[in-house]
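One chain comes next, on its own, written as structure tokens: the form predicted alone.
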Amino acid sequence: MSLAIIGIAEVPTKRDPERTRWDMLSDVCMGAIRDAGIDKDDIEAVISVNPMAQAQMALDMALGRVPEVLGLKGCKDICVLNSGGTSTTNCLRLAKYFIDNGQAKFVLIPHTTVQSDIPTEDLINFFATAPLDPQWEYPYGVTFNGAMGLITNRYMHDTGATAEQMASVTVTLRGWGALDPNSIFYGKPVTLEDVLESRMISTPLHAKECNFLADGAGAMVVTSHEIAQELGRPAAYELGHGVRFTGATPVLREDPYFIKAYRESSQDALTEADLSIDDMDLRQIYGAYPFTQCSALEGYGVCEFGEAAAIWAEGRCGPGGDLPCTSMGDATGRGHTGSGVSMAFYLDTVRQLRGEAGERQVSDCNHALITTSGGSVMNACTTIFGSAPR
């Protein structure tokens, strides 16, 4: 047996502190259950994405409030998982264990976050201390943007990528976001000049190449391949999975661009799925910063090292391109909702495989590769999904 995503729901990413965490959570959970075509009491486990920097909500989820508030009378167990941006991936991995071992037929995976009611200084400190070493990096004034700026600078030096080519990644991601009603940047594309003329945050990263923190929520209902087929509803079927750890501290990594991790995790996933990278109709890359969109393609073997920035600059990875990538826009093209931003990658993958992505729909999308990463890209978790089981 394996995992199938049969129900999804999402609220638009935005900054709106009047939308409460519980209101959004209730909307997406019940929406995903309705989309799955099951009764709420069919849910036998709730595995939640930990809401970063929101201690009370994290505690509520960890202590069982979700099934109680939603009235999930069939729920047998709950859990909250935290591995930064790979939290959603690990929720899916635990759900698969529950399903494969007969502990649950249907598992609900929710995420909610509100960052607009958290003081800006607190958010800056949280996202600076969370992914960086408190002894060797943070005391010297390094923020998340600072660390990623240093890595981007080295990547550009080693590959010869230009500022214009790197900025084109953001232009493309915002192009996807401009077509997505769930993106905070819906209807707001940017030009190359817009990106390059935005203020410098940490050389060579401009403001529009960095993340915009926002609020959002999403949920999935998952089950086995067999049950998904019995229900006869469109689903996204997991076909293969692979993972590699790169290291928690950026300054200590031997593979600063994560190319080895992208390569090995994707090879494991593709081998399990009995597919090749050329069989992928869509590549979903969660790296939160533009250079990762390039280094991932190089790691997957789509192109040689140093060639990816030019591919993005040519428009091949955007809407209508022959190599569509990251159709949900990543955190720079959609808004960053904390550890749950990876939830949006899975929801978008399901829409693409079900042919429900609207203006962003990738034609004949039958296989998709999705890689998520946590912390300051401490790992690479790659999964292959298909519109049909093997």
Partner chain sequence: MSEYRKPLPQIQPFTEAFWEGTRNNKLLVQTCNDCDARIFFPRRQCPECWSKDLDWIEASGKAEIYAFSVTYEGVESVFREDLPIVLAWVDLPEGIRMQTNIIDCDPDRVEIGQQVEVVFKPVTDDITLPYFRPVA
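Being a predicted model, the structure only gives us computed values, none of them experimental. Residue numbers count along the first chain shown, from 1.
The same protein also has a form predicted together with the partner chain, omitted here; what follows describes it.
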| query | Has each of 262, 271 and 350 got a heavy atom lying within 4.5 angstroms of the partner chain in the predicted complex? | reply | no
| request: Indicate whether residue 98 is a 4.5 Å heavy atom neighbour of the partner chain in the predicted complex. | output: no
| said: Is it the case that residue 163, even though its partner is missing from this view, gets within 4.5 Å of the partner chain in the predicted complex, heavy atoms only? | reply: no
| said: I'd like to know whether residue 154 contacts the partner chain in the predicted complex, with contact meaning heavy atoms within 4.5 angstroms. | reply: yes
| query | in the predicted complex, does residue 251 have a heavy atom within 4.5 Å of the partner chain? | reply | yes
| said: Give me the residue from 149, 177, 131, 287 that has a heavy atom within 4.5 Å of the partner chain in the predicted complex. | reply: 149
| Contact residue in the predicted complex, chosen from 139, 232, 187, 71 - any heavy atom within 4.5 Å of the partner chain | 139
| remark: Within 4.5 Å of the partner chain in the predicted complex, heavy atom basis, the matching stretch of 217-225, 101-109, 278-286, 141-149 is 141-149
| remark: Those residues of 346-385 with a non-hydrogen atom no more than 4.5 Å from the partner chain in the predicted complex are none
